[in-house]
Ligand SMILES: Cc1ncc(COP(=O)(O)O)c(C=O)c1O
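Shown here is one chain on its own, the form predicted on its own, set out as structure tokens.
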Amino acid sequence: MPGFEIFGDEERKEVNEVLETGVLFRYGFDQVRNNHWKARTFEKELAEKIGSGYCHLCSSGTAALSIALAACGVGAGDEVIVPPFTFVATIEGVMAAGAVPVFADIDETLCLDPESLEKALTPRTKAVLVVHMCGSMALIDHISDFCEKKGLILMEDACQALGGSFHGKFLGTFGKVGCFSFDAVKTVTCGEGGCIVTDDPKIYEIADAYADHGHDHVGSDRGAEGHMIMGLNFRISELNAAVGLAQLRKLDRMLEIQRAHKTRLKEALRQIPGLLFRKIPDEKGDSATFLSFLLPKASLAAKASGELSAAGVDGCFYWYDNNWHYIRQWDHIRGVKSAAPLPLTLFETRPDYQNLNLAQSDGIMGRTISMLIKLSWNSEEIAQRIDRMTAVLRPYFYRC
């Protein structure tokens, strides 16, 4: 991770095929595109790869979230249980739908704690939006059981976890709908792109139309297509889809590299007595995009993060102070600051975001550092990284 580290002739070939036709639009122009359908092919290959009935490729992971919420009928006044640790787009998508995010704690998986869901439940709860953060999975089996028991829609934000799985089933395929991102720094990148996956033909039909102004995509004459619903423009271009298609075909190799790098690093760091790692419910299913570890106290984690950076260990994130991935710094969300007025129901029913009690999440995130696993590292670079990390981290456990 990220996929741009291994751009090559495969991406150039797919892009050139699009440029040679002059057709950048994903729909129509059948006679001149020389049978090159990059978005359509991407959708087919991804659905087959992860065992999903349907896939719709769109312009971003954020767009995928908006499409998924619309297709599941989540709207004004509905409450959606969400984690406080995620990229902020998860929360923006819920609010943009006119729905109300209700925060529940995370656990040591760095994802929603199944035990925290009951406390977040109200008569207005319609869905649980679980986020598989940093390449690994939530306790998705327990969360799925909870949703089934309570009659809630289970939605998965797997934007950071493409290729991850739980007991052989791919992340993103447990719920009614799953969302993925293919932005510039994801394992598979389109530059900008995303998709939704589902086994429900009706959800797919709505999503396919909603992402293209409500077009029903029946027949080959775009001008004669019907408008089954109102929609917006969340289309991806054939150029972006072409890059992503080449990248998707490299996914297995990417996962193999990431997992090998992470295993080597993790085994070395296990030699530091007392260093704890993020809980991963199924180690075999980890997509291995990040290595996350916990220090004994938040003050030590903050200090160690700075020292790792100073020692030349790049790609380490202290999420607790991060502006985009943890609620502690989301003043614009906590204050509901929007460029356009949000539906009145949001203001009438929303929780008091300024005074949330997420002590469990704070306790975990304050102690956590996550390190990005790169595809481009060679063996010598990994060895050097191990030496530097050990030199920085080991003294913290002697002090404790």
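Position 1 is the first residue in the sequence shown; the rest follow in order. Keep in mind that this is a model prediction, so the values were computed, not measured.
What follows is about the form predicted together with the ligand, which we do not show.
S.K.: Which is the contacting stretch out of 72-80, 272-280, 116-124, 151-159, given heavy atoms within 4.5 Å of the ligand in the model of the complex?
M.R.: So the stretch in question is 151-159.
S.K.: Could you work out which of 99, 177, 133, 188 is the residue within 4.5 angstroms of the ligand in the model of the complex, going by heavy atoms?
M.R.: Flagged contact: 133.
S.K.: Just one of 146, 87, 204, 320 has a heavy atom within 4.5 Å of the ligand in the model of the complex. Which one?
M.R.: Contact residue from the list: 87.
S.K.: Answer with yes or no whether residue 208 is in contact with the ligand in the model of the complex, where contact means some heavy atom within 4.5 Å.
M.R.: Outside the cut-off, so no.
S.K.: Taking the ligand as it sits in the model of the complex, is residue 244 near enough to touch it, meaning that at least one heavy atom pair lies within 4.5 angstroms?
M.R.: Heavy-atom contact with the ligand at 4.5 Å: absent for residue 244.
S.K.: Counting only non-hydrogen atoms and a 4.5 angstroms cut-off, does residue 60 reach the ligand in the model of the complex?
M.R.: Looking in the model of the complex, residue contacts with the ligand include residue 60, since a heavy atom lies within 4.5 Å.
S.K.: Tell me, yes or no, whether residue 65 is in contact with the ligand in the model of the complex, where a contact means a heavy atom of each within 4.5 Å.
M.R.: Although the ligand is absent here, residue 65 would touch it in the model of the complex, with heavy atoms inside 4.5 Å.
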